[in-house]
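Okay, so we've got the same protein chain twice, two forms, each given alone as structure tokens, structure 1 and structure 2.
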Structure 1
């Protein structure tokens, strides 16, 4: 089967998953209260409500209302966000880049640090580097994100400030007091490059350090543990023994022969971790006052903002589906024995 046909088939298989998520969010939104809140604002006049009910099929049976709900979603009418005081689609366009930027920084940090640490731990099994790496990974898996984020904030902002040391920002996406920013794509690092603004780039990067590290540390720990376990299994294989018997250096054996096969289960973890970063961003963004989807979802829950909660749930589901597809495609690159069939 060609790669194109495989992608099409996987996308078709993802449709029932997405429809299932849509059905669940639809039913839950009805259990919370009157669905008219999906399509009205605080300023909607009472006399306009009957017309809105008729327009969106709210006077029809429940299964008919679901088709109206799907129609509205496909047309970009995701409702009005009371927590953000604007349309849900406009809120997503404004806040989604901030969350993706934070998640990508966390993921890059986790991958760049986690894979080498896992390899080091496996190749130095039961020695000091292995013990240290396992403690680091165990700490990352054990610590709640919100607690770790608060500790980082306390140490690198409050304590450094008290002792007169260079401190990192306690929150926010940039220092709006002295850095000007005109959105182009809402990806601030990208916009700073497009506008040739090194001050904005540096300031944005500084603001990303603490939340990016807090969000990525758990993923780093998981990647490290998986990479270590997978590498230990691969190093026991006969072809590794044969490569070493030929007199090849350990570096060649590990990075040329063992790494590719050891990466296969690790890639699965990385792909799923990206979706996990979206949900982990809820706590991280709240603690660091990061203006992304996670912080918006918390405000939406506190205010019973059903359209916003539905939108966040759907976005996370879409990201998990896309991540699974990308992971399956990477499998074929890492292992030529895998065929799309």
Structure 2
């Protein structure tokens, strides 16, 4: 199979998933409550309700309403978010960059720390570094992320303050008391570079440390474990033995011959970790008062704000599907065996 055919087939396979995702969010949003509540207040007279129902197509059969729902989504008419007091699309535009920035920082941290840890663990198998790494990774998988975030906050914000050390901020994206910020793209690191504002850049970076670390730790654990096992798998291959028997140094064997092949499964895991990062963002943002999608979604659910819940669930599912798609495509490019197999 050619690469082009593979891509087309993979894209076609994503279509039923997308339709299913839309159907599930539609059904769930109907279960939250009668959608008529979106258009009425407690002062709406009872007699007006059938009229409103008809006006918004709510008296039509469900499958027709599903098409209305799809049409509204396509037209960018995602409704009004009561919990954010503005349109859902505007809310997403405002909050999405915050979450993505946090997730990216977490991901970069996890990749930068996770891959070397995995390699270390594999090359020093069953020795002290391996055991230490394994404990770090297992703790990451078993740790409640919200608790980890709280403990970090306790240590680096409160205890450091008590001890008179330079402490890290407890939450928020920047110190709005000291630094002024006018949004351009809402990616604050990017904005601060665009406006050549080093103070804002460092302020934002400092605010990103704790949430980024808390959020990235789980991904770090997953990447480390995957890297270790795939590295061990690769190190058993014949070509590694050949490379060693040629008298190549260990460093060259590991980084030049083994690493590239061991990276293939790890790339998949990195892509799939995106879903985990979104989940973690919900919890981390709640603790660090991060003005992102996660915090908004929690508030939306607690207030039964249907369009917001719907939009958030859809958005996350689409990001997840897209990440899976990209991973599969990269996988197919990296490893021809997948395409032909």
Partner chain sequence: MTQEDTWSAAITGDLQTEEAPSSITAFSGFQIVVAIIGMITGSMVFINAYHLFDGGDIPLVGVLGSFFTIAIPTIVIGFLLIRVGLDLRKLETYAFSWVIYGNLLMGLMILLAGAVFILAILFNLLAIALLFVPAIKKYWWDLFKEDMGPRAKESRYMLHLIRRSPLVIAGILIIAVYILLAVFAPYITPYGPTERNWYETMRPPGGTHIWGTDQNGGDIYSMVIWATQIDLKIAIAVVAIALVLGSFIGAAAGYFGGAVDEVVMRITDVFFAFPGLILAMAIVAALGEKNLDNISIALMVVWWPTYARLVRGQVLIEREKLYVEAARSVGASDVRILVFHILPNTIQPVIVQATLDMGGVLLTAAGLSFIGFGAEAGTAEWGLMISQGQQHFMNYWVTFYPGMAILLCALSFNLVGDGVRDILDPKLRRR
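Residue numbers count along the first chain shown, from 1. The term rigid core refers to the maximal set of C-alpha atoms that superpose within 1.5 Å between the two forms. What you see is a predicted model; the values in this text were computed from it and never measured.
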- Just checking, which of these two is the form predicted alone? 1
- Would you say residue 64 moves between structures 1 and 2, meaning its CA shifts by 2 Å or more once the core is fitted? no
- Inspect the rigid-core superposition and answer whether the C-alpha of residue 24 shifts by 2 angstroms or more between structures 1 and 2. no
- Let me know the CA shift of residue 55 between structures 1 and 2 in Å, rounded to one decimal, core fitted. 4.8
- For residue 11, what C-alpha shift in Å is seen between structures 1 and 2 once the core is overlaid? 3.1
